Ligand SMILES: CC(C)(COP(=O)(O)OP(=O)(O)OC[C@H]1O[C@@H](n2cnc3c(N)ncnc32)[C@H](O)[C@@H]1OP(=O)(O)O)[C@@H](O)C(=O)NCCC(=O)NCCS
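Okay, here we've got a single chain as structure tokens, the form predicted alone, with questions on binding and movement later.
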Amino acid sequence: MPTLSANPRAMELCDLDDVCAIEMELFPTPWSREAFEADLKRSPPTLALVVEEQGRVIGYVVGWIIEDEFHIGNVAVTTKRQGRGVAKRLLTEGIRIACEQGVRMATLEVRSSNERAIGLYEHYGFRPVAIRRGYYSDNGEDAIVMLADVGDRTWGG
């Protein structure tokens, strides 16, 4: 299995073909290209990172810094590259950057059936704090709201 050739870097508009392809592959209600474009053009910009392999984006994280909170909107890795630490690298770097900007906690929503993602988030100290009933419009599935105190850790990659 080839190793990753690059560390996470800032998402750019030229990455959106690959990012949108991953969205279509993984999610029943993918984010639109326009949504990603708007986030990348926002001021201050959305915290959005990608990991590449052989010149192609294979994973990304998108989130927003609001006061002292980093709200993670999406972490995604193409199916063929899952289980290789890509999501961990993206989360670590995203949280590290957010903490440099004064973030003390991180939040996210995750499908209640997504045990793999829940396990990943628990590894990072996220804990369930609420349930959003019927949150996902495609099937009415509940979302688990998770929160982590991230300002008290070192996020070194």
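Because the structure is a prediction, the values reported are computed rather than measured. When you see a residue number, it is the position in the sequence shown, counting from 1.
Form predicted together with the named molecule: not shown, discussed below.
- Proximity of A76, R84 and A117 to the named molecule in the predicted bound form is complete: all three residues have a non-hydrogen atom within 4.5 angstroms.
- Contact annotation: of the candidates R132, R127, H123, K41, the single residue with a non-hydrogen atom within 4.5 angstroms of the named molecule in the predicted bound form is H123.
- Put simply, of I97, I65, M105, V110 only one has a heavy atom within 4.5 Å of the named molecule in the predicted bound form, and it is V110.
- The named molecule is not drawn, but in the predicted bound form it has no heavy atom within 4.5 Å of A35.
- In the predicted bound form, R56 stays away from the named molecule, with no heavy atom inside 4.5 Å.
- Although the named molecule is not shown here, in the predicted bound form the stretch 8 to 44 places heavy atoms of L26, F27 within 4.5 Å of it, in sequence order.
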